[in-house]
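Next up: a single chain in structure tokens, the form predicted on its own.
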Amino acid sequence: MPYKDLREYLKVLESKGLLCHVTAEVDKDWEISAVCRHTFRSIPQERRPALMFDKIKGHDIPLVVGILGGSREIYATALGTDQKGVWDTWARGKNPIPPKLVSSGPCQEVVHLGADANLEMLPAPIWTVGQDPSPYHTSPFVISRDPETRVQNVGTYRLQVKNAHRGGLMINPQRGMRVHMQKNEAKGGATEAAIVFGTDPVIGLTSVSPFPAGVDELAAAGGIRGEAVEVVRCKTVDIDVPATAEIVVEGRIPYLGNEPEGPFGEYAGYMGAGGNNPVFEVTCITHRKNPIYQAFLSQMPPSESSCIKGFGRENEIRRHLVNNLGLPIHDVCLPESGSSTATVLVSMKKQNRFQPQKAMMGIWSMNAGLAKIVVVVDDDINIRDPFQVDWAIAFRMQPADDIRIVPNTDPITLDPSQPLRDGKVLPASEQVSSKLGIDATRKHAYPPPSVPPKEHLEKVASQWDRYGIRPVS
């Protein structure tokens, strides 16, 4: 059975020991970011918990972070499966179930209209202290509607808190909401939207994942859940939102309503440039009684966003290479050191010399803003072990023969290595990049590796305590 709401999901995380309550009072304007960063840097991914800050100075709303991508086990739990079942669970999204409109829902238990709709009531942290201009919402699930097809889109975009009734959105040009805005602006109209915080976890995962143009992410979430997402109509805008959401902020982007937004500490680990970006004017806030606020940890990897993107993108790439191209893929990995964006590692049981390059081209054909570097290795290399990947590059590749550079390609978003023009970052629509592919597979028969027999290593590992060897403290 799917989770009915965020609260049911949090109980499951707690029962599995995957949620840690921070009961000490914390300051959202510096402390939450530092606690999250220390957690992600000091605790290995496989043992890292999600966090719930129960007491936030000046606020009576608790904050959860890491509940979708604190670890790969948390990610799988969000989908109601284990790590091995993630691929098959995601595949159910190809059979969407349209959302079901209901007359009322818990997300509208409390309603704030007009001047009472105060965006600053939510405990949005300052994530990059001294560099972000103000607090930012990092996990807003932003819902807009295509004015022609009436199909909704759900996407996650950074939202700067400017004052009690005004925010600033940065929406990448290729995203669905930007298309909705362009259609509305062509008619001289505003774009209505609703910003949702705290939902059934599957909705959050679909919000941050790429789907083909025209796909309603709430319908895709229904397919993954195996049950329609119940939605209610907003109070002041023509948008349907998940009925069991914790918090909904309704509003509009006015016609040609752009003003300065940013900079902001972005997923690549550097400050992302600001610019003239859409203004969001708040018209209403609704929420459950005693709501829970959700945030993502992004900024410098490892982060929640890099874990989420890595798991989801690995499955999509593997599915494409295996199902559509028929390649003998063993594994796909997007290292968090590349923010699960810039670098893609592929292992395969190569059958001919053309397949590594086919894998590279297949990945580059999938999505804009992905895979600046692709490395292909043999299936005996564990691509989740950086040492083994470096070993394959060092000794199974000849630079003159096995490196492919493809010029004039789409860039990854917010890449600080992009060249400047007159000392300024080019607009996203004018940026051009290139791709690097490395074929680090064996091209001929190799001598056997110089290591002890596998059975000897396994026997030693099984009786390791008898040797009395301990790490130096």
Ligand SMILES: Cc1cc2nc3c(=O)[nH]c(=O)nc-3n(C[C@H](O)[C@H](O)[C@H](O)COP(=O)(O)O)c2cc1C
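All residue numbers refer to positions in the sequence shown, first residue = 1. What you see is a predicted model; the values in this text were computed from it and never measured.
Missing here is the form predicted in complex with this ligand; even so, the following discussion is about that form.
- Contact between residue 154 and this ligand in the model of the complex is found at the 4.5 Å heavy atom cutoff.
- Contact check for residue 158: a heavy atom falls within 4.5 Å of this ligand in the model of the complex.
- The shortest heavy atom separation between residue 279 and this ligand in the model of the complex exceeds 4.5 Å.
- The closest heavy atom approach of residue 225 to this ligand in the model of the complex falls outside 4.5 Å.
- Contact with this ligand, judged by heavy atoms within 4.5 Å in the model of the complex, is confined among 106-114, 344-352, 164-172, 371-379 to 164-172.
- Exactly one listed residue, out of 339, 207, 77, 244, brings a non-hydrogen atom to within 4.5 Å of this ligand in the model of the complex: 207.
- With the partner omitted from this view, the residue of 305, 294, 286, 71 that lies near this ligand in the model of the complex is 305 [heavy atom within 4.5 Å].
- Residues from 436-468 do not approach this ligand in the model of the complex: none has a non-hydrogen atom within 4.5 Å of it.
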